[in-house]
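What follows is one chain in structure tokens, specifically the form predicted alone.
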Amino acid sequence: MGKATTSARNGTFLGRLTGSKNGLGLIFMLPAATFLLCFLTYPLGLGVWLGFTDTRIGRAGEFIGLENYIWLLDDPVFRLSVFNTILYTSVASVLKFGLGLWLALLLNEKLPMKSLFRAIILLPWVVPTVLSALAFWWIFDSQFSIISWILMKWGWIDTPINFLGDPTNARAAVIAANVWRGIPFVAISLLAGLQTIPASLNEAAALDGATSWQRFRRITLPLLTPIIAVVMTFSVLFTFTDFQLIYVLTRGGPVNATHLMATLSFQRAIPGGQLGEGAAIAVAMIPFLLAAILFSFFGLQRRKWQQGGAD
């Protein structure tokens, strides 16, 4: 009787599910999948739906199809925000990669108190974004800027620099703040990748007469390429969707010169009350983000790239 009951139980769907490794793994993934469904999938789906409606705060909207997106194509502020976002992401990501790689190579050398330096370098990344933005807000203040004060003391300028009131200066200021905050993430991640490269490879190349640049180009960089792809993908995503830094420093000003798609979406949806329009701007960010993710994903699948060779 007991054997028959056991056989019946094992023959059920639940018995087969718990009896296989894949089924057991699926059960363990259910809590995480439920969390993602509630806090990621539902808000994303709601945002996509709102983008096709004329919903306003306090008033349910009606389905209007692609009208929000058609209207955005003719909106000069939206087009400027797209330009600002691409410029901001491109320049900041390149600077973070260059400076982060240089810093990682420096920290990978035999330096005194290396652990202390690594901990200090992490501070810009650990400090909350709003606190960093407030600090930069004081640094770039039109009257009390420490940069303007030093340059005036040295006699290089006569009047304080209007960092956040001039469109060009404001773009440079927010990029500088983002680079300062993002370098630690890139540097520490690349440093972890450098730690996995066998020292014997560089030692053998040095014995063969390879210069430092040749060792970096032929050994370090190819073996570090997969890590670079992952790190820069995350860096681009973080930079493209940046909101707090811009909102605290400039609110998108002056004259929309620093408005990113994320800040413009918030401004149109919450203070402006146009939930449908704001959601459409947020949804318009998805193709750019997918392009960055797919570039990294398919790039990492190429065996020759993983091994540091050319396709």
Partner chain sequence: MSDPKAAASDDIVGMEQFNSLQRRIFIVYLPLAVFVFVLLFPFYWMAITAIKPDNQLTNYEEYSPFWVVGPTLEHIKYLFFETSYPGWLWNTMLVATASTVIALAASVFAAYAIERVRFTGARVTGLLIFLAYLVPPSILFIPLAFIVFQVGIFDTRLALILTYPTFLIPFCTWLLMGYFRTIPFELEESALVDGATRWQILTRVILPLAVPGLISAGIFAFTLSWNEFIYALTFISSSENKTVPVGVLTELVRGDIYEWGALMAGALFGSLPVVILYSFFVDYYVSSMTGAVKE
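Remember, predicted model here, so these are calculated numbers, not experimental data. Numbering follows the first chain given and starts at 1.
Omitted here: the form predicted in complex with the partner chain. The next part is about that form.
Checked against the partner chain in the predicted complex, the residues I157, L87, V94, I120 give one hit for a heavy atom within 4.5 Å, which is I120. For the options V82, I161, A172, I188, the residue carrying a heavy atom within 4.5 angstroms of the partner chain in the predicted complex is I188. Interface membership of L73, defined by any non-hydrogen atom within 4.5 Å of the partner chain in the predicted complex, is ruled out. In the predicted complex, the partner chain sits within 4.5 Å of a heavy atom belonging to D141.
In the predicted complex, F266 approaches the partner chain with a heavy atom inside 4.5 Å. In the predicted complex, the partner chain lies farther than 4.5 Å from every heavy atom of I64. Annotation for 32-59: interface residues with the partner chain in the predicted complex are A32, F35, L36, C38, F39, L40, Y42, P43, L44, L46, G47, L50, T55 [heavy atom within 4.5 Å].
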